[in-house]
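First comes one chain, alone, set out as structure tokens in the form predicted on its own.
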């Protein structure tokens, strides 16, 4: 999905993350903002907070789709909190609202976001995240990136080649 001229990119990952994942997520957020993209995420801590921090450091706009019932639960870097009361079911809203998804690290909640994104036909870029296989055969559904810069470039290139 895009607003008039700015793509919306989801950054997904664990609510708790390693310091290295936080650094990667922050850099992804910064690069997305520098490219003019709007960042959407789950609005909480960990990868989500780091990505928002990076986006805000570059003057970007952030949207947090929250699992609970209060906008006050959002991390301080969320500009637009969307209160759902849906718990993990909010994952569908996050990826449906995005034109592409960048997964940084992550646990099973991140895996669900990846699965929903792939089901919806959204490009998924993985940065130290999940890999998929079916019947022992690797799937290339998640495009691997080695750096935050590459992840951002791949996501934006996928969007520009799409009609979302």
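All figures in this text were calculated on a predicted structure; none of them were measured in a lab. Positions refer to the first chain, counted from 1.
As for the form predicted together with another copy of the chain, it is not shown, yet the points below apply to it.
In the predicted bound form, residue 109 approaches another copy of the chain with a heavy atom inside 4.5 Å. Residue 45 falls outside the set of residues with a heavy atom inside 4.5 Å of another copy of the chain in the predicted bound form. Contact annotation for residue 100: none of its heavy atoms lies within 4.5 Å of another copy of the chain in the predicted bound form.
Under a 4.5 angstroms non-hydrogen atom cutoff, another copy of the chain in the predicted bound form has residue 118 among its neighbouring residues. Of all the residues from 35-52, those having a non-hydrogen atom no more than 4.5 Å from another copy of the chain in the predicted bound form are 38, 40.
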